[in-house]
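As C-alpha cells, one chain now follows by itself in the form predicted on its own.
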Amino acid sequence: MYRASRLDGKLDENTLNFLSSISEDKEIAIYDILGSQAHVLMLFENKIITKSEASKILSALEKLKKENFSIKSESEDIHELIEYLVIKKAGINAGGKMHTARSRNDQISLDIRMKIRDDINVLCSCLLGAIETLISLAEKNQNTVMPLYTHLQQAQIGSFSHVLLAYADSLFRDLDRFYVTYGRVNESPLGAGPIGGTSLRIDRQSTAKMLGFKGLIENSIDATGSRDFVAEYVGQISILMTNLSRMAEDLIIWSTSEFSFIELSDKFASTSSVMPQKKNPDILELIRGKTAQVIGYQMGILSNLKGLPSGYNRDLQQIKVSIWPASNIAISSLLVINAVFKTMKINDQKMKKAIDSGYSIALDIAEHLVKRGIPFRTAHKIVGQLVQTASNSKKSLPALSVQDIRNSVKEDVIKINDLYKIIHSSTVTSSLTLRVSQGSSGRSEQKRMISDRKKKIQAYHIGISKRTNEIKLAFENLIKKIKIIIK
C-alpha cells in the first residue's frame, strides 16, 4: 500500500518475505489497534478529522480486535496491514485519514513500549509468586540444617532456610530492576512522527493519558529511534535468567543420588528412553539452556544498536524477534521453578548426615578460641592441625581424643583439656544459635529476615496492583470514549 505513493509495482515474493515482520507483529497487533484508537480520538478532539470519520475508523478498528493476524499478507508489517484493513472497511475518505500526524516509526515504538509494559507487570507478579514460595519454604525449614558450600566444598554449617532466603533476595533485586524500569518504559512516543514531529496541532499528552502512560518521550528523534529501553529490559531478563539458572544448577546437584538433599516431583522430571531407573531433571536443565538463549538475544540487541545513526533505521525491526521470546522464556521459567520449589521433597536427614561427615564446625571452634583472646590466625592454624589429624585418622572432630589433640596442636596458647571441651561443645545447634552477625545463618537472623521479606512482598503487591489497575482504568475510559463516538 505504501509503495503505491512513490514506487512502481509490487515487491516480489522473496523480497516481501525478507522485509516482512508480520509473523513477529502478531504479538503487538492489539497494541497497534489500541494506539490507533487513541490517536483517532485525539485527531477528532482536536478537529483534525470529523466525528463521522472518527466513527467509521473506530468501528473498523473495533472489528479488527477479533481478527486473526497470523494469516499470510502482502503487507510489510502490522501497521500497514491494519491501516489497509481499516481503509477496506471504512473507505479511503475516512480510513485514509487514520494515519494523519503519525508514522510507523512512532507507532512501533509505542507498540513495543505497551507490550513490554504489560510483560513487566506479568514478570513482577511471577517474581512475587516465586519469592512468596521461597519465603514460605524458608519459614518451614529454619531448623533444617545443611552444609553451606564454597568451591563446592563444605564450608560452614547453615540452614536450608538461609539458602532459600538467598534465592529470594536475588529475585527481589530482579523484581526491583523491573519495577524501576517500568517508569522509563511507561512514556509515550506517539505523535513524534517519522523523526521531526508534525505541523498539525495534535495533543500528544492526550494520547499518552488515554493509553495509560505517565508522560512522554518528548524529543521526537529520541522517541522514534531509541531502543535503549529494550536493551535494558532484555538485559534484566538475562540477569533474572542467570539467577534462575544458578538455582536450577543447585537443585540439579542436590537431586543426584550422591547428594539426595532433595527429590523433584515426578511432574518435573523425565526418564530415559532406555534406562528405566532414571529420573532426570530435564526441566531444570532447560532453564540453564534457555538462559543461554536469552543472553544471545541480549547480545543481538546490543550488536544491532551499537552502529546505528540517529533516527529510525530498518535494522530496528530485527530487535522485535528478541523481545517476545525473551519475555515468554522468563515468564515460563519463573512459573516452572516456582512449581518445582512448591512440590519438591526435602531430605533433612541427608543434609544433616552430610554435615556430620564433614568438618563444617571448624570455623566455630576457631571463633571459640578467638573469644579467649587467641589471635585469629593462630586459632586458624590450631584448628587446621586438628582437621588434618581427623582427616588422616578418618574421624570427625568431636571424635578426637585428648591424646589426638595433644599430638596435633603445636601451639602452647590453650590447655589441651580446654580445647577438648570446646571441640565437644561445638555442635550444629550451638553453631546456629551463636551465629549473630546480621544476615547470617543464625536462628534469630532467620526469623528476622523472614519477617522483613514478608513486609517487602506486601509492599510490592500494592505497587504492582496499582500499576496494573491504572492501565486497566485508562483502557476502560478509552473504550467509553470510543462507544460515545460510534454509537
Ligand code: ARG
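Note that residue numbering begins at 1 and tracks the sequence as displayed. Predicted model only: the values in this text are computed from it and were never measured.
Although not depicted, the form predicted in complex with arginine is the subject of the following passage.
This chain is drawn without arginine; in the model of the complex, the residue among M146, A326, I108, L190 with a heavy atom within 4.5 Å of it is I108. Though arginine is absent from this view, in the model of the complex it lies within 4.5 Å of a heavy atom of just one residue from Y312, F178, F213, W254, which is Y312. Arginine is not shown here, and in the model of the complex it never comes within 4.5 Å of any heavy atom of K97.
Shown alone here, K290 lies farther than 4.5 Å from arginine in the model of the complex, counting heavy atoms only. Within 4.5 Å of some heavy atom of arginine in the model of the complex lies at least one heavy atom of D77.
In the model of the complex, arginine lies farther than 4.5 Å from every heavy atom of K115. Of the candidate stretches 360-368, 179-187, 135-143, 100-108, only 100-108 has residues whose heavy atoms lie within 4.5 Å of arginine in the model of the complex. If you take 319-353 and check each residue for a heavy atom within 4.5 Å of arginine in the model of the complex, you get just K320.
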